[in-house]
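Heads up, the chain below is alone and in the form predicted on its own; it's given as structure tokens.
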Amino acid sequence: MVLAGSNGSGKTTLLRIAAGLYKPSRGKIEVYGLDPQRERLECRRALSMISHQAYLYDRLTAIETLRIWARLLDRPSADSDLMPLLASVGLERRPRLQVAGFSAGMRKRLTLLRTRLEQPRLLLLDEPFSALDVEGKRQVEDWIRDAREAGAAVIMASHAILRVSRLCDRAVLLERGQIVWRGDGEGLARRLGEQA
């Protein structure tokens, strides 16, 4: 599903409420029958959120970052297991470079790997294509398709309407925190037309 709307329409806020980062001012939200506020840990195990902020440690290298995530998630963490993952997002030539030296796009790619390791049931993506080059955007599209084929639900907030309309089966348009339109991706692209 894609959340569309102008800046300040409530897209990011809605994703953060679903992730348990914000408390709703009214109403109630459930993620797989769980309250993101009261059952935060159980809810967190079911979902992963990628936002504008990468939340990476600048002093760690790419391989060190991936190794920590793999160990926390009880995944294979040897360099021989992790190097193919770095290669899958184009970071294989920089495994020992500190994250402090990464561009915004490189940081986004490394953050995507965390989500791949988590294999969540629900992906919350806030502007997943921002800061990425053409190849990075293609990789994200492939990753979203793969996640959906594996059974994950994907909710993304994006201004890249034409791109996301091809990836989603449902869409909503928000204005001031309210849903003003519902439909599918193609309908959203038609509705927004030149704005896309």
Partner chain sequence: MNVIRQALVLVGKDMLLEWRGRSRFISVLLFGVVTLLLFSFAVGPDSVALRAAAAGFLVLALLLSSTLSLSESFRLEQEERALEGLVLLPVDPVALFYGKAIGNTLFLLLLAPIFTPVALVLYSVELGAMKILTLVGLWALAAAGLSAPGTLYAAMTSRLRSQDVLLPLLLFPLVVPVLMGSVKAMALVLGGDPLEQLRSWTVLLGGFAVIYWSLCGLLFPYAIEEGG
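Between two forms, the rigid core is the largest collection of C-alphas that superpose within 1.5 Å. Positions refer to the first chain, counted from 1. Computed from a prediction, not measured in an experiment: that's the story for all the values here.
There is another form of the same protein, the form predicted together with the partner chain; it is not shown, and what comes next is about it.
J.: Taking any heavy atom pair closer than or equal to 4.5 Å as contact, tell me whether Leu41 reaches the partner chain in the model of the complex.
T.: Because a heavy atom of Leu41 falls inside 4.5 Å of the partner chain in the model of the complex, the answer is yes.
J.: Does Leu72 reach the partner chain in the model of the complex, with heavy atoms at most 4.5 Å apart?
T.: Leu72 belongs to the contact set for the partner chain.
J.: Any chance Leu162 has a heavy atom within 4.5 Å of the partner chain in the model of the complex?
T.: Outside the cut-off, so no.
J.: Decide whether Lys23 counts as a contact residue for the partner chain in the model of the complex under a heavy atom distance cut-off of 4.5 Å.
T.: Heavy-atom contact with the partner chain at 4.5 Å: present for Lys23.
J.: Which of these residues, Arg166, Arg138, Arg170, Arg45, gets a heavy atom within 4.5 Å of the partner chain in the model of the complex?
T.: It is Arg45 that has a heavy atom within 4.5 Å of the partner.
J.: Tell me, which of Ala152, Ile144, Ala131, Leu60 has a heavy atom within 4.5 angstroms of the partner chain in the model of the complex?
T.: The option sitting close enough to the partner is Leu60.
J.: After superposition on the rigid core, does the Cα atom of Arg75 shift by at least 2 Å between the shown form and the other one?
T.: After core superposition, the C-alpha of Arg75 moves 2 Å or more between the shown form and the other one.
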